[in-house]
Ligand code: UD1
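Next comes just one chain, in structure tokens: the form predicted alone.
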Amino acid sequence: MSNRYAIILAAGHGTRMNSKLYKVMHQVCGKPMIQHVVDQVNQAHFTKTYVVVGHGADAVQGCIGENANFLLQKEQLGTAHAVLQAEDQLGEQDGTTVVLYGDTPLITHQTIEKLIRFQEDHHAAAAVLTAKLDDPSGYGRIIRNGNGDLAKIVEDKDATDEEKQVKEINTGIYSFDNRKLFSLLGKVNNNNAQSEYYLPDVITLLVQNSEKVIALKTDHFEETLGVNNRLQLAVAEKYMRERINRFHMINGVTLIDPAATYLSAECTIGADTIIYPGTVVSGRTTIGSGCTIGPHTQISNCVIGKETVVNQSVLEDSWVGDRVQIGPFAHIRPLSKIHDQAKIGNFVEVKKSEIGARSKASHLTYLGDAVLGEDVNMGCGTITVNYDGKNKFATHIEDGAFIGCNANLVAPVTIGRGAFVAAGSTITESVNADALAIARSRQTNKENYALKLNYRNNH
């Protein structure tokens, strides 16, 4: 197999996005568009991959890192000019070069590989990936000669009225004989409406030189969808979500309503997990098998074990074990760790805390900067008072401790193994193992005082 190179064009600002964010950094299913393209290209095993950057170069390089090489296009003078930035690296190389765009997040490595094989098997100078659209407005048209061979590609802005009626469009994805590509790039002119150097003109020059140019029509136009505005971004999001959801369902995950389930491109989910509508799973989340998630649950960058139930809750950057119950209406904030068979119930907030196996905070509780051992019971309304206005302090609750309702544990404090804290107590000192702590003021009853209050209210 000859050397294979990929050039991904990602230098345009994307003014139609009406955004401060560089176009290819806009996300589709939780991942920047350029990252989708680079990930698929890398699966096709190219010898070298180059990303041509311009506006927002630092952001793109920060996103891609070492997964590609970068070339700077200082002036955005068109797609041919962008590819020409790789001349020093590839101009004298034999092999095949594929040119793609950083705003086509739905392209797959299978389609890229199919285009390369199509070009190489036919010993063609170039192969163009095309598609047919009922409304081809905005796309370059594929113009064929009387024999059905490719004659030229005309940009929408430069097309005649007759050419605009053509429904076969250029997807912007090409596979070239590398030497022939770079031998002609310098001959492309900018005699067009935008005064830009268009890469499709290389195809025209190849045809004029009697080189063999072929076109591969894809049946999956959505893969080649370019995103230039927010409407197209929403369409790409829809297609990507359908692809992701289909993958998980085929692999044994039940989505009660796929159209109302939002899974990131990087999440993994075990078989026999059931996900209810309104659930959003983002980032590099891993969910084990046999779980029940949702409805109306948000999970971001978490690891969740098997057979865990998460109902109408929010989980962020945390680890959850097996057979845990969370929710409804719980909030697991970052850096929390919840061990097997624990229960975090309704209106419980956990922040940067570790909850031991089988421990329970069933309702209306705040656990911040706390470490709970195993089999701990946290009563309703309990608060770990972790902040004095300047510093955060930790609360330690050892195995088997029982914390009564409406208790305040003022950190730093330790509740010993098997200890009891009476309801309504405010604990400011550590409690020894097996002790009972009572910290509340003595009750005083004033007889008939209510009558006096009623008298005042009536007069």
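Given the structure is predicted, the values throughout are model-derived calculations rather than measurements. Residue numbers here begin at 1 and follow the sequence given.
Beyond what is shown, the protein has a form predicted in complex with this ligand; the following relates to that form.
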For the interface check, one of 99 to 107, 210 to 218, 294 to 302, 357 to 365 should have non-hydrogen atoms within 4.5 Å of this ligand in the predicted complex; which one? 99 to 107
Is residue 384 close enough to touch this ligand in the predicted complex, meaning at least one heavy atom pair within 4.5 Å? no
How about residue 263: is it within 4.5 Å of this ligand in the predicted complex, going by heavy atoms? no
Heavy atom to heavy atom, is residue 82 within 4.5 Å of this ligand in the predicted complex? yes
Does any heavy atom of residue 170 come within 4.5 Å of a heavy atom of this ligand in the predicted complex? yes
Answer with one of 183, 286, 311, 76: the residue that has a non-hydrogen atom within 4.5 Å of this ligand in the predicted complex. 76
Identify, from the list 321, 200, 345, 373, the residue with a heavy atom within 4.5 Å of this ligand in the predicted complex. 200
In sequence order, which positions of 345 to 359 have a non-hydrogen atom within 4.5 Å of this ligand in the predicted complex? none
